[in-house]
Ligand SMILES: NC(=O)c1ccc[n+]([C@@H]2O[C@H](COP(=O)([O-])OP(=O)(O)OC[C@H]3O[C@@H](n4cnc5c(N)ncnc54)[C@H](O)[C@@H]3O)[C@@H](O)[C@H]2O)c1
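One chain follows as C-alpha coordinates, the form predicted on its own.
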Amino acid sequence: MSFFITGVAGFIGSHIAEELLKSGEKVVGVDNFYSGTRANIDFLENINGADKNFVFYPIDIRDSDRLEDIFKRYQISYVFHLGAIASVQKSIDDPVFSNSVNVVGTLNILELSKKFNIKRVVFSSSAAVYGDEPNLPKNELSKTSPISPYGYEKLIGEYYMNIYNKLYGIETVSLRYFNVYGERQDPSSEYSGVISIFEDKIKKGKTVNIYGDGLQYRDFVYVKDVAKINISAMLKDDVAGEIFAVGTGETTTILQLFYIIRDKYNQKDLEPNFIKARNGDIRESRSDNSKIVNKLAFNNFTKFSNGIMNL
(Lines give C-alpha, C1' and ligand atoms only; values in the text may rest on other atoms or scores of the structure.)
Protein backbone atom coordinates (compact mmCIF):
# COMPACT_ATOMS: atom_id res chain seq x y z
CA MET A 1 0.00 0.00 0.00
CA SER A 2 1.33 3.43 -0.98
CA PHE A 3 0.28 7.05 -0.80
CA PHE A 4 0.59 9.02 -4.06
CA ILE A 5 1.13 12.79 -3.86
CA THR A 6 0.97 15.22 -6.76
CA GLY A 7 2.82 18.46 -6.08
CA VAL A 8 5.03 16.67 -3.56
CA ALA A 9 7.86 19.19 -4.00
CA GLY A 10 5.51 22.01 -3.11
CA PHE A 11 4.84 23.71 0.19
CA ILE A 12 1.87 21.72 1.48
CA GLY A 13 2.65 18.53 -0.44
CA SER A 14 6.09 18.23 1.12
CA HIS A 15 4.61 18.57 4.62
CA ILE A 16 2.07 15.80 3.96
CA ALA A 17 4.87 13.59 2.66
CA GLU A 18 7.01 14.40 5.70
CA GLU A 19 4.21 13.44 8.08
CA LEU A 20 3.62 10.14 6.28
CA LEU A 21 7.29 9.22 5.99
CA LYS A 22 7.93 9.91 9.66
CA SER A 23 5.08 7.47 10.39
CA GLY A 24 6.78 4.79 8.28
CA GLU A 25 4.37 4.98 5.34
CA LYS A 26 5.35 4.49 1.70
CA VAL A 27 5.07 7.60 -0.48
CA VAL A 28 5.27 7.98 -4.26
CA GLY A 29 5.41 11.61 -5.34
CA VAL A 30 5.44 13.60 -8.56
CA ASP A 31 6.18 17.25 -9.31
CA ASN A 32 7.37 19.19 -12.35
CA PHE A 33 9.10 21.89 -10.24
CA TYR A 34 6.99 24.67 -11.71
CA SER A 35 6.53 26.04 -8.20
CA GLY A 36 7.87 23.17 -6.09
CA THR A 37 11.57 23.02 -5.25
CA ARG A 38 14.32 20.44 -5.42
CA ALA A 39 15.25 21.46 -1.87
CA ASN A 40 11.97 20.03 -0.61
CA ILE A 41 12.69 16.70 -2.31
CA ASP A 42 16.19 16.67 -0.82
CA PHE A 43 14.64 17.28 2.60
CA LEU A 44 12.20 14.37 2.17
CA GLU A 45 14.91 12.02 0.92
CA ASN A 46 16.90 12.66 4.09
CA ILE A 47 14.11 11.61 6.46
CA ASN A 48 15.00 8.41 8.29
CA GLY A 49 13.69 5.44 6.27
CA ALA A 50 12.97 7.48 3.15
CA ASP A 51 15.53 5.48 1.17
CA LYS A 52 13.07 2.57 1.29
CA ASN A 53 9.75 4.38 1.58
CA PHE A 54 9.99 7.42 -0.72
CA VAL A 55 10.07 7.48 -4.51
CA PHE A 56 10.01 10.68 -6.56
CA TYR A 57 9.40 11.31 -10.27
CA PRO A 58 9.71 14.69 -12.03
CA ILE A 59 6.42 14.43 -13.94
CA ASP A 60 3.79 16.97 -15.00
CA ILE A 61 0.24 15.98 -13.98
CA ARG A 62 -0.90 16.62 -17.56
CA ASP A 63 1.32 13.73 -18.74
CA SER A 64 -1.21 10.94 -18.33
CA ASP A 65 0.97 8.29 -20.02
CA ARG A 66 3.87 8.70 -17.60
CA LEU A 67 1.49 8.89 -14.67
CA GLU A 68 -0.12 5.64 -15.77
CA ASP A 69 3.27 3.93 -15.74
CA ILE A 70 3.62 4.89 -12.07
CA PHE A 71 0.14 3.64 -11.18
CA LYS A 72 1.01 0.33 -12.85
CA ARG A 73 4.34 0.03 -11.03
CA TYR A 74 3.23 0.72 -7.47
CA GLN A 75 0.41 -0.51 -5.28
CA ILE A 76 -1.15 2.91 -4.80
CA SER A 77 -4.18 3.01 -2.54
CA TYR A 78 -4.55 6.69 -1.71
CA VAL A 79 -4.01 9.88 -3.74
CA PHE A 80 -3.38 13.37 -2.40
CA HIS A 81 -3.90 15.72 -5.34
CA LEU A 82 -2.11 19.02 -4.69
CA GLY A 83 -0.41 19.66 -8.04
CA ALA A 84 -1.75 22.97 -9.39
CA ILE A 85 -1.04 26.46 -10.63
CA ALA A 86 -1.85 28.00 -7.25
CA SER A 87 -1.86 31.62 -8.37
CA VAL A 88 -4.82 33.94 -8.81
CA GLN A 89 -2.72 36.39 -10.83
CA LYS A 90 -1.31 33.70 -13.14
CA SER A 91 -4.82 32.43 -13.83
CA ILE A 92 -5.89 35.96 -14.76
CA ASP A 93 -2.86 36.49 -17.00
CA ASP A 94 -3.01 33.04 -18.65
CA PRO A 95 -6.29 31.24 -17.97
CA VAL A 96 -5.74 28.67 -20.72
CA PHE A 97 -2.51 27.50 -19.11
CA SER A 98 -3.87 27.42 -15.56
CA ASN A 99 -6.97 25.57 -16.77
CA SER A 100 -4.81 22.95 -18.49
CA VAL A 101 -3.12 22.17 -15.18
CA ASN A 102 -5.88 22.77 -12.66
CA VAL A 103 -8.76 21.18 -14.59
CA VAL A 104 -7.26 18.82 -17.18
CA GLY A 105 -4.57 17.69 -14.76
CA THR A 106 -7.22 16.95 -12.14
CA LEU A 107 -9.21 14.91 -14.65
CA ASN A 108 -6.08 12.89 -15.44
CA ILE A 109 -5.71 12.01 -11.76
CA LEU A 110 -9.36 11.03 -11.45
CA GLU A 111 -9.30 8.90 -14.59
CA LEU A 112 -6.24 7.01 -13.39
CA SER A 113 -7.81 6.63 -9.95
CA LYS A 114 -10.86 5.09 -11.60
CA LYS A 115 -8.79 2.80 -13.81
CA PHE A 116 -6.61 1.52 -10.96
CA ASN A 117 -9.32 1.27 -8.29
CA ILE A 118 -7.82 3.86 -5.96
CA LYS A 119 -9.56 3.85 -2.60
CA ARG A 120 -9.70 7.61 -2.04
CA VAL A 121 -8.59 10.92 -3.56
CA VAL A 122 -8.14 13.98 -1.34
CA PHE A 123 -8.26 17.14 -3.44
CA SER A 124 -6.65 20.43 -2.46
CA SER A 125 -9.22 23.10 -3.23
CA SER A 126 -9.24 26.71 -2.05
CA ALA A 127 -11.29 29.34 -0.26
CA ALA A 128 -11.02 31.20 -3.58
CA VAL A 129 -14.17 29.29 -4.60
CA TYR A 130 -16.17 31.66 -2.37
CA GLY A 131 -14.98 34.83 -4.07
CA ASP A 132 -16.21 38.01 -2.38
CA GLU A 133 -19.46 36.47 -1.16
CA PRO A 134 -20.07 38.71 1.88
CA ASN A 135 -21.52 36.34 4.47
CA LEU A 136 -18.98 35.23 7.06
CA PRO A 137 -17.71 32.89 8.31
CA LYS A 138 -17.50 30.65 5.25
CA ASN A 139 -18.52 27.03 5.61
CA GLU A 140 -19.15 24.11 3.29
CA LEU A 141 -22.67 25.35 2.46
CA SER A 142 -21.70 28.95 1.76
CA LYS A 143 -22.44 30.35 -1.69
CA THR A 144 -19.59 29.84 -4.16
CA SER A 145 -18.95 32.82 -6.42
CA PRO A 146 -15.33 32.89 -7.67
CA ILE A 147 -13.86 36.15 -8.93
CA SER A 148 -10.83 34.66 -10.70
CA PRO A 149 -10.19 31.81 -13.15
CA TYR A 150 -8.22 30.09 -10.38
CA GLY A 151 -11.29 30.09 -8.13
CA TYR A 152 -13.43 28.64 -10.93
CA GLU A 153 -10.83 25.99 -11.72
CA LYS A 154 -10.78 24.83 -8.10
CA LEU A 155 -14.57 24.77 -8.00
CA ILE A 156 -14.65 22.70 -11.21
CA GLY A 157 -12.18 20.33 -9.54
CA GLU A 158 -14.59 19.94 -6.63
CA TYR A 159 -17.45 19.21 -9.02
CA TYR A 160 -15.38 16.55 -10.76
CA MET A 161 -14.49 15.01 -7.41
CA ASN A 162 -18.17 14.85 -6.54
CA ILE A 163 -19.27 13.34 -9.85
CA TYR A 164 -16.52 10.70 -9.86
CA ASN A 165 -17.57 9.78 -6.35
CA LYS A 166 -21.23 9.43 -7.37
CA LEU A 167 -20.81 7.89 -10.83
CA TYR A 168 -17.76 5.71 -10.41
CA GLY A 169 -17.63 5.00 -6.69
CA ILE A 170 -14.25 6.65 -6.10
CA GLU A 171 -14.12 8.03 -2.59
CA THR A 172 -13.22 11.71 -2.78
CA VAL A 173 -12.77 14.53 -0.27
CA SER A 174 -12.23 18.21 -1.13
CA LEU A 175 -10.40 20.55 1.25
CA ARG A 176 -10.93 24.28 0.83
CA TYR A 177 -7.74 25.83 2.21
CA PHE A 178 -7.82 29.30 3.65
CA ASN A 179 -4.44 31.05 4.00
CA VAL A 180 -1.81 28.42 4.72
CA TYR A 181 1.56 29.46 6.14
CA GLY A 182 4.60 27.79 7.64
CA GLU A 183 8.08 26.44 7.09
CA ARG A 184 9.34 25.86 3.54
CA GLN A 185 7.02 28.39 1.95
CA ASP A 186 9.19 30.00 -0.72
CA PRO A 187 9.17 33.82 -0.40
CA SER A 188 10.71 34.26 -3.86
CA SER A 189 7.86 32.49 -5.60
CA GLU A 190 4.93 34.40 -7.09
CA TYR A 191 2.69 31.81 -5.42
CA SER A 192 3.91 32.51 -1.90
CA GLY A 193 1.55 33.65 0.80
CA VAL A 194 1.85 37.12 2.25
CA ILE A 195 3.46 35.82 5.45
CA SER A 196 6.52 34.31 3.79
CA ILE A 197 6.97 37.44 1.65
CA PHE A 198 6.71 39.73 4.68
CA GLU A 199 9.05 37.48 6.70
CA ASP A 200 11.71 37.50 4.02
CA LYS A 201 11.69 41.25 3.48
CA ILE A 202 11.12 42.57 7.00
CA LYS A 203 13.90 40.51 8.58
CA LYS A 204 16.23 42.11 5.99
CA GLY A 205 14.92 45.59 6.81
CA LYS A 206 13.25 45.97 3.42
CA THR A 207 9.95 47.75 2.80
CA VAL A 208 6.96 45.57 1.95
CA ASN A 209 4.05 46.43 -0.31
CA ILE A 210 0.51 46.23 1.04
CA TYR A 211 -2.19 46.13 -1.61
CA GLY A 212 -5.11 48.37 -0.70
CA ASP A 213 -5.55 49.78 2.81
CA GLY A 214 -4.24 46.75 4.72
CA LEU A 215 -7.51 46.26 6.58
CA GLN A 216 -8.42 43.22 4.52
CA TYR A 217 -8.20 40.14 6.72
CA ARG A 218 -7.35 36.49 6.39
CA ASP A 219 -7.76 33.23 8.27
CA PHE A 220 -4.18 31.98 8.55
CA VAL A 221 -3.79 28.22 9.14
CA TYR A 222 -0.50 26.51 9.96
CA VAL A 223 0.83 24.09 7.34
CA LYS A 224 1.56 21.25 9.77
CA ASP A 225 -2.09 21.37 10.87
CA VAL A 226 -3.14 21.28 7.22
CA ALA A 227 -0.98 18.19 6.64
CA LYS A 228 -2.61 16.39 9.56
CA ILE A 229 -6.08 17.38 8.33
CA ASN A 230 -5.23 15.96 4.89
CA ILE A 231 -4.22 12.63 6.39
CA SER A 232 -7.29 12.51 8.59
CA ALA A 233 -9.50 13.26 5.57
CA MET A 234 -7.80 10.41 3.73
CA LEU A 235 -8.18 7.79 6.45
CA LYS A 236 -11.48 8.59 8.19
CA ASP A 237 -14.16 6.05 7.34
CA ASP A 238 -17.25 8.24 7.04
CA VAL A 239 -16.18 11.30 5.04
CA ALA A 240 -16.23 10.10 1.40
CA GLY A 241 -17.83 12.68 -0.87
CA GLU A 242 -17.41 15.48 1.68
CA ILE A 243 -16.07 19.03 1.43
CA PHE A 244 -14.28 20.74 4.32
CA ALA A 245 -13.41 24.38 4.96
CA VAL A 246 -9.84 24.30 6.29
CA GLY A 247 -9.12 27.26 8.53
CA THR A 248 -8.90 28.24 12.18
CA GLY A 249 -11.91 30.53 12.43
CA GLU A 250 -9.62 33.36 13.61
CA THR A 251 -8.63 36.41 11.56
CA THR A 252 -5.68 38.76 11.19
CA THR A 253 -5.58 41.89 9.03
CA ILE A 254 -2.69 42.34 6.64
CA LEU A 255 -1.68 45.47 8.55
CA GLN A 256 -1.72 43.56 11.86
CA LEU A 257 0.42 40.90 10.23
CA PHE A 258 2.94 43.54 9.17
CA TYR A 259 3.26 44.85 12.73
CA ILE A 260 3.55 41.34 14.23
CA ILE A 261 6.44 40.43 11.94
CA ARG A 262 8.01 43.88 12.30
CA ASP A 263 8.05 43.41 16.08
CA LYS A 264 9.39 39.87 15.72
CA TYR A 265 12.49 41.21 13.94
CA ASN A 266 12.68 44.46 15.95
CA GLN A 267 12.36 46.62 12.84
CA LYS A 268 10.50 49.43 14.62
CA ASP A 269 11.26 52.11 12.04
CA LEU A 270 10.00 50.10 9.06
CA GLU A 271 6.70 51.22 7.49
CA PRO A 272 4.72 49.54 4.71
CA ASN A 273 4.24 50.89 1.21
CA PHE A 274 0.55 51.02 0.30
CA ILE A 275 -0.27 50.43 -3.36
CA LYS A 276 -3.41 49.87 -5.43
CA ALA A 277 -5.46 46.78 -4.62
CA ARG A 278 -5.12 43.91 -7.10
CA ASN A 279 -7.90 42.53 -9.27
CA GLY A 280 -9.21 39.19 -8.05
CA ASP A 281 -7.98 39.58 -4.46
CA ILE A 282 -10.43 38.70 -1.69
CA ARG A 283 -11.25 41.46 0.82
CA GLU A 284 -12.41 39.39 3.79
CA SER A 285 -11.93 35.71 4.59
CA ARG A 286 -12.75 33.62 7.65
CA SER A 287 -13.69 29.97 7.98
CA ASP A 288 -16.19 28.08 10.06
CA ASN A 289 -14.19 24.97 10.93
CA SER A 290 -16.88 23.20 12.96
CA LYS A 291 -17.15 20.42 10.38
CA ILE A 292 -13.42 19.64 10.69
CA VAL A 293 -13.79 19.59 14.47
CA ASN A 294 -16.86 17.34 14.39
CA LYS A 295 -16.19 14.98 11.46
CA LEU A 296 -12.39 14.85 11.33
CA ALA A 297 -11.95 15.17 15.10
CA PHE A 298 -9.27 17.84 14.63
CA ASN A 299 -9.34 20.73 17.08
CA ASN A 300 -5.69 21.22 17.97
CA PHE A 301 -5.01 24.24 15.77
CA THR A 302 -1.66 25.95 16.23
CA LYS A 303 -2.06 29.46 17.62
CA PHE A 304 -0.98 32.08 15.10
CA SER A 305 1.37 33.69 17.64
CA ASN A 306 3.16 30.34 18.03
CA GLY A 307 3.16 29.34 14.37
CA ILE A 308 4.63 32.65 13.23
CA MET A 309 7.57 32.21 15.63
CA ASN A 310 8.46 28.86 14.01
CA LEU A 311 9.33 30.54 10.71
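One-based numbering along the sequence shown. Worth saying up front: this structure is predicted, and the values here are computed from it rather than measured.
Absent from the display: the form predicted in complex with the ligand. The rest refers to it.
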- Even though the ligand is not shown here, does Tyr259 get within 4.5 Å of it in the model of the complex, heavy atoms only? no
- Give a yes/no on whether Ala277 approaches the ligand to within 4.5 Å in the model of the complex, heavy atoms considered. no
- Query: Is there a non-hydrogen atom of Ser35 within 4.5 angstroms of a non-hydrogen atom of the ligand in the model of the complex?
  - Reply: yes
- Tell me, yes or no, whether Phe80 is in contact with the ligand in the model of the complex, where a contact means a heavy atom of each within 4.5 Å. no
- Among the candidates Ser196, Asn165, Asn108, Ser125, the residue which, in the model of the complex, approaches the ligand to within 4.5 Å (heavy atoms): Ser125
- in the model of the complex, which of 157-165, 136-144, 81-89, 110-118 comes within 4.5 Å of the ligand (heavy atoms)? 81-89
- Go through 156-180 residue by residue and record those having a heavy atom within 4.5 Å of the ligand in the model of the complex; state none if no residue qualifies. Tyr177, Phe178, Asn179, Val180
